[in-house]
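Only one chain comes next, encoded as structure tokens, the form predicted alone.
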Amino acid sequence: MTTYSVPPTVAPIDQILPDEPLLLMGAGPVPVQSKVAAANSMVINHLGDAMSQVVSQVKTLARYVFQTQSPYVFGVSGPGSAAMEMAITNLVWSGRRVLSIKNGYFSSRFEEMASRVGGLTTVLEAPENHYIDADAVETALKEAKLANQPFDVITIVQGETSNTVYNCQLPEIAALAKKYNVLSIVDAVCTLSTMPLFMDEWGIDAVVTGGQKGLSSVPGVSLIAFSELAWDVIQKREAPMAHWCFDTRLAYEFWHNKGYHYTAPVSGLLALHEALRLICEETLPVRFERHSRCSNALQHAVESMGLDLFVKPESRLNSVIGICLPESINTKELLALMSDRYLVEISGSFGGHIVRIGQMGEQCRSHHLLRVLHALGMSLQSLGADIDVPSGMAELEKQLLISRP
């Protein structure tokens, strides 16, 4: 006779979550608009006619956001890292040489992924908390070519979320990749739709992004776009594909032939559809201006409050702001106080004594900026820091009024 173990008893989800939703102002995920949230609550047949229309429109909308005419746009079941892995596993295999530009934690992930599928990786490390210089990239590409060991692929992040560094010379680096016949893979997880990225104009071969940051969609569904050249390489490769789920030749059946690959995350795709549609409705130029205006206002306000920004202006990422904390402040205590008292969450760091505030999508709204700055300043004061909260709040108001379109 079978004896069953006693089923566990746990609290329902409404007893775990706070009564009032937290304002998510960290490095992701970010708040979503009500239309995105409503779309995420629906489940439909992943192979039905309605889903086919959704998939077709997601590709059309995404091409605008990527600024590409390439037909090879795919959704990815998983976070932005899954899209990174899809790019790597399709364009890198045993013996392929990869130049991996390292600015921090997430750019290092590209190198690890490439190594795991047999790529021969070389790391080109940028100066600490600084963008990579295009001249350094060309030197590496030229030396490899002269040694008769040219690179096949170059990987780079547009914005390094971990330390808030912006690779501002990405257009020049993408052009160098073309010059040396190297495929370029770009991580735009926190930057796509928050700042300019022109896939076709810059000649980028693969761009990856996650839903939960710049796009202001839900976590768990990501996007990837391949150039015609990259797709040709994928079609002609003879090496076996390391990952079944991330095989774009299989994914093509669902995304372009209305066929079956695996059960798609339909709720997340519906949410992504609405997030992309709202971006297109706003238009990229307007969206870029909003992000720049809000991020710059917050940066001025943080400095007026008496805090330093972690990265110098020439290398500073606008979509995630790094803020240096006074030495006396315990980061975990600060984050907990902001969450418990003010229902505002921001992010800690990957090593430095900093906190990070996101400026992506729905985070870039004046009322969110005012709330997060107040929560940060008052929490720091409560923990004993010498912070001028009124000056910071006044500067934020001033900057938002000055820059209002």
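Predicted model, so just to flag it, every value in this text is computed and none were measured. Start at 1 and count along the sequence shown; that's the residue number.
What comes next is about the form predicted together with a small molecule, which is not displayed.
Q: Does the small molecule get within 4.5 angstroms of any non-hydrogen atom of residue 214 in the predicted bound form?
A: Contact check for residue 214: no, nothing within 4.5 Å of the small molecule in the predicted bound form.
Q: Spell out, yes or no, whether the shortest heavy atom distance between residue 80 and the small molecule in the predicted bound form is within 4.5 Å.
A: Yes - in the predicted bound form, heavy atoms of residue 80 and the small molecule come within 4.5 Å of each other.
Q: Is it the case that residue 109, even though its partner is missing from this view, gets within 4.5 Å of the small molecule in the predicted bound form, heavy atoms only?
A: So residue 109 counts as contacting the small molecule.
Q: Does the small molecule come within 4.5 Å of any heavy atom of residue 295 in the predicted bound form?
A: No.
Q: Could you tell me which of 186-194, 228-236, 303-311, 121-129 sits within 4.5 Å of the small molecule in the predicted bound form, going by non-hydrogen atoms?
A: Result for this chain: 186-194.
Q: Would you kindly say which of 248, 103, 100, 161 lies with a heavy atom within 4.5 Å of the small molecule in the predicted bound form?
A: Residue within 4.5 Å of the partner: 161.
Q: Considering non-hydrogen atoms and a 4.5 Å limit, which listed residue (275, 206, 157, 92) is close to the small molecule in the predicted bound form?
A: By the 4.5 Å criterion, the partner-contacting residue is 157.
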